[in-house]
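Next up: just one chain, as structure tokens, the form predicted alone.
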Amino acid sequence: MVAPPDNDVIWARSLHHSHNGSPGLGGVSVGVRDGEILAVTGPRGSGKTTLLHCLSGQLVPQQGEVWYNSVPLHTMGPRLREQLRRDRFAWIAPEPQLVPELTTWENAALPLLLRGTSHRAAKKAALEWLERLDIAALAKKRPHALLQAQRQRVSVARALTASPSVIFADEPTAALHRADRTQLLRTLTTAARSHDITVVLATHDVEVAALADRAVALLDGRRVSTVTLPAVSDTEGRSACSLSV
């Protein structure tokens, strides 16, 4: 077992994983520096989501190592990995994953409430991030009353309210129009940099990848030096662009 570099908050070596016999990752190694915004790029089906699941402890790779701050995730039991995800990580999915019975602010405050934070303090923190995402006026509404873009902003607010060490964002703007996508990503990246939060961002969009500090590319479950990604035009049409990493 090789110790990870001191300046990497997340470090993975030779990750292999397959889904029902189909290869998901084939020997991927990657390091993520503390406070860095790293884009994991590649077309759909390239292994981006599988890699994020392994790095965040949601999935144990069939082979390879994953480390967080020099602690091996790949040897942790399910309970310890769950605690780590609750206390140190946050996850933003492609589609909003909100609790339908809770209000907007309650959904945003949920990670803090689950940790035992007081109701008052959790609500205050949640409302601050909802304000920054321009949805504080919707704090008392439930998810069914929100638009898709508004629900995804709540997902981002929930991730930031938790004050995580690392945010894993899996195609967080895939279902949004360009204007909504731009505002959400700018808020996320600006907040991450100002609060020293590491972000691992999976995307198949070259414009999204350009917001990161650095990018790694996947193709068919393996790291590559160059990958062709779609770019979004002003009219929402797509064209292909190559990204070298």
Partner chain sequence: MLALRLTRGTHPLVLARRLLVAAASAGVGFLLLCTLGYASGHPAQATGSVLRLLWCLVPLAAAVQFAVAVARTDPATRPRPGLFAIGLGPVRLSVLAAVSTAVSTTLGSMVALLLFLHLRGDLTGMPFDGRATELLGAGTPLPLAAALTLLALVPVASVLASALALRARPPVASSPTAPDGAGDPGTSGAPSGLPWGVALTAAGLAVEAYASRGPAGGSPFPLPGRLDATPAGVLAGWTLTAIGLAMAGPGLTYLCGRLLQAVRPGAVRLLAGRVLMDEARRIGRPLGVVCAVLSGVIAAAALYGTGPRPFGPLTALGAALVLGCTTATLLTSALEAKQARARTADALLRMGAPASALRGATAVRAGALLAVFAPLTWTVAQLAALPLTAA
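Numbering follows the first chain given and starts at 1. Remember, predicted model here, so these are calculated numbers, not experimental data.
Below, we turn to the form predicted together with the partner chain, even though it does not appear here.
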item: Gln58, heavy atom within 4.5 angstroms of the partner chain in the model of the complex; value: yes
item: The partner chain contact at Thr103 in the model of the complex, heavy atom, 4.5 Å; value: yes
item: Leu160, heavy atom within 4.5 angstroms of the partner chain in the model of the complex; value: no
item: Exercise: Pro111 in contact with the partner chain in the model of the complex, heavy atom 4.5 Å; value: yes
item: The partner chain: the contacting residue among Leu98, Leu73, Ile167, Leu133 in the model of the complex [heavy atom, 4.5 Å]; value: Leu98
item: Residues of 119-143 having any heavy atom within 4.5 Å of the partner chain in the model of the complex, listed in sequence order; value: His119, Arg120, Arg142, Pro143
